[in-house]
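Read the single chain below, which is given as structure tokens and is the form predicted on its own.
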């Protein structure tokens, strides 16, 4: 692994940073979904790094995706979810597991920001244990019927395309799981926004599916093979989540350095105090270590090598690091950290999601520990799925 970014990735990084400064930061206090920013990021190709040029991407790779995601999250962590839903867990999953007609119908529109996507994993009674999914999929001959409920669905109120995970036979556990692409503009699909602590620019919803239909060609992978689809989607989603955590931790560090260089107490800048220096040093170390771990996972994926363990370590560490960094930023800012006048309170609220999304911290601990103890290896041979995406046109 080379620690220097190649020229193509540097160009993408610079483009994302300039976009964030010009378009995102001036609107940081605007709550709610910003549809125009999705379109603009799609037009710039920010969602398409990991996709081949023939299908609307740049072919820059997963490391470039990580770098771009970090830059946008550094400006507004709430936009980080888009890099899952407009890249990893919706269009990439469709590209990897879908039939050719399904790819052509959805993938390019999603990565160019023309349509909004969401992924439906969690349910009121099912969180980390996706094999216990209660939402039911039924083969109705010429189409599939889906009935059930989903919760904590990012972009659920605005999505036009959803990858829904449902079971055709709950007694089979993970062997009964199916993944299917659903269009949301139909009877039986209803969404209600869930109020939440942070990430205000990324709406989260409760979804009800009552007789929702999907054409047969929208099945991803095999009938009953949805667990494999889900695991590959979650692995790649953790690249986005880990990268977002790094970006937000960097924002906490940036704000703390600025404040320490400006704030005077007892006749001198607070940067002169050892306790403040200690906090800054720890934040720098957390950010740097998180960045290297996340980029290693993304790089391994670019090399077409197993990376489940490595991205779990990265996601776990970065999620813990950003929560610590946000707390330290609040401490350095003192009373102003608690004020709505500065963005530090927003960073503090946004940070907690990184210990929950795309696999909770405890689930990551279990995966990492089981691998280390020899209970269950996290990394398995890469799945061979249809198609060489580099040649897609």
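Positions refer to the first chain, counted from 1. Keep in mind the model is a prediction, meaning the values are calculated, not measured.
Another form exists, predicted in complex with a small molecule; not displayed. Remarks below refer to it.
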| property | result |
| --- | --- |
| Answer range among 34 to 42, 362 to 370, 56 to 64, 334 to 342 for contact with the small molecule, defined in the predicted complex as heavy atoms within 4.5 Å | 362 to 370 |
| Candidate from 227, 299, 317, 152 lying within 4.5 Å of the small molecule in the predicted complex - any heavy atom | 152 |
| Heavy atom within 4.5 Å of the small molecule in the predicted complex - the one residue of 135, 119, 201, 250 that qualifies | 119 |
| Partner proximity in the predicted complex: residue 28 to the small molecule, non-hydrogen atom cutoff 4.5 Å | no |
| Contact flag, residue 127 vs the small molecule in the predicted complex, heavy atom cut 4.5 Å | yes |
| Contact label in the predicted complex: residue 353 to the small molecule, heavy atom within 4.5 Å | yes |
